[in-house]
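First, one chain by itself in C-alpha cells, the form predicted on its own.
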C-alpha cells in the first residue's frame, strides 16, 4: 500500500562576509585561478584564515597560486545524482590535491564512467563561462592536464560577500487523520478528536490521546467551534532579510476555542492594531471562501466583552 506524503522545505537565505583570505580565493576563481595559503612548510588549498593544526593566524600576504591541474587522492562514485548534486549525470566526488598544494580540495569529477576513475589520476578544471566568485565557478574537473571552458574577464571588483540559499526539504507521510483534517479545513470547519476515556479533545490531525495512549480515528470526530479567546500573543517586528514581505509589526496569537480544551497556536489576528492586542480578547475565525477550497485568513474580534481570567496566560497548548 502506498502512503500519501507531502514535501516541506525550510529555506534560509543569507549573506556572509568572506574576509581578506577567502575573498581573494573567490576573486581568483573568477579569473580562472586557484589560490592556496602558505603555512610553514606547506600550502593549504582552499586557503584558511588560520592553520587547522596549530591555529596560527594566516595572512592574505601568504597567498600563492596553485594548480590548475591536480591529482585525485580519493573518490566516491555517484551513480544516481539528485536535484542537489552539481551534475545531472553519474560523476565522482573526489579529493583533489592541486599542483603546488599539500592539502586537498573537494569537487566533482566528470569522468563519464566509473571505469575511468582512479586514485592518482590527473584532472583539470572545466570553468564556467560566467563566473561569480563561488566554488561552482568550476563546473567540474575532467580527466587530463588541460583546463577547459572559461573565457571572458574576471570580476570587476574584489569579491567580498557570498550569498547562500540554505534549504532542506523533508518528505513527510500524511496520516488518515491529517487527510481528514485538511478536508474539513477546505470546508471552512475545524475537526477535533475526542478521547473516549478522558474526554479531552484534540485537533483533528492528532492520532492519539497522549494521556490515555488511545488511538483516535474517524469514530472520535467532533466539530470544533469557530469562536475562542486569546490566551497569549507575541508582536513580531519584521527583519528585512531576503524574501521577507512584511514591513510593519504584526501579532501572532494563541486562541482557546470555546467549549473544548483546544488551543490553536500562532494564529493571524486581523483588524486589531498591535497596541490593542490583549489576553482575554474574544475572537472568531475568518475564512476566505472565494476559491475551490476555504482558507483560514485569521481571527477577528467578536465585539464581546473580554474574558477576565488570570489563568488564561497559562494556556499555550
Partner chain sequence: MAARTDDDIAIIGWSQSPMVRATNKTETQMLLEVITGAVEHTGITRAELDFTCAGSCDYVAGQAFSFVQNIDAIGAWPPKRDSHVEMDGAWALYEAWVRLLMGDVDVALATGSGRSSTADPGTIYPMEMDPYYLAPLGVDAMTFAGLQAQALVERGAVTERQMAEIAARTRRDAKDNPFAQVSGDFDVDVLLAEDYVRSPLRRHDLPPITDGASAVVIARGDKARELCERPVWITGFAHYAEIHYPGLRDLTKAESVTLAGKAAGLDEAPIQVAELQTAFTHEEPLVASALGLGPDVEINPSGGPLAGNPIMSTGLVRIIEAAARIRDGGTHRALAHSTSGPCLQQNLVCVLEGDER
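Remember, it's a predicted structure, so these values are computed and weren't measured experimentally. Numbering follows the first chain given and starts at 1.
Just so you know, the form predicted in complex with its partner chain exists too; it's not on screen, but the next bit is about it.
Participant: Within 4.5 Å of its partner chain in the predicted complex, heavy atoms considered, which of 281, 26, 256, 272?
Facilitator: Checked against the cut-off, the match is 26.
Participant: Ok, 291, 40, 52, 249: which has a heavy atom sitting within 4.5 Å of its partner chain in the predicted complex?
Facilitator: Only one option qualifies, and that one is 52.
Participant: Counting any heavy atom within 4.5 Å as contact, can you tell me which stretch out of 143 to 151, 187 to 195, 201 to 209, 220 to 228 lines its partner chain in the predicted complex?
Facilitator: Looking at the other structure, the answer is 201 to 209.
Participant: With the partner left out of view, is residue 95 within 4.5 angstroms of its partner chain in the predicted complex by any non-hydrogen atom?
Facilitator: Residue 95: contacts its partner chain in the predicted complex.
Participant: Does its partner chain come within 4.5 Å of any heavy atom of residue 10 in the predicted complex?
Facilitator: Answer yes; at least one heavy atom of residue 10 falls within 4.5 Å of its partner chain in the predicted complex.
Participant: Residue 238: heavy atom within 4.5 Å of its partner chain in the predicted complex?
Facilitator: No, residue 238 stays farther than 4.5 Å from its partner chain in the predicted complex.
Participant: According to a 4.5 angstroms non-hydrogen atom cut-off, is residue 175 in contact with its partner chain in the predicted complex?
Facilitator: Result yes; residue 175 sits at the interface with its partner chain in the predicted complex.
Participant: Go through 130 to 157 residue by residue and record those having a heavy atom within 4.5 Å of its partner chain in the predicted complex; state none if no residue qualifies.
Facilitator: Heavy-atom contacts to its partner chain in the predicted complex: 134, 135, 136.
Participant: Assuming the CA distance changes by 3 angstroms or more, are residue 88 and residue 166 closer together or farther apart in the predicted complex compared with the shown structure?
Facilitator: Compared with this form, residue 88 and residue 166 lie closer in the predicted complex.
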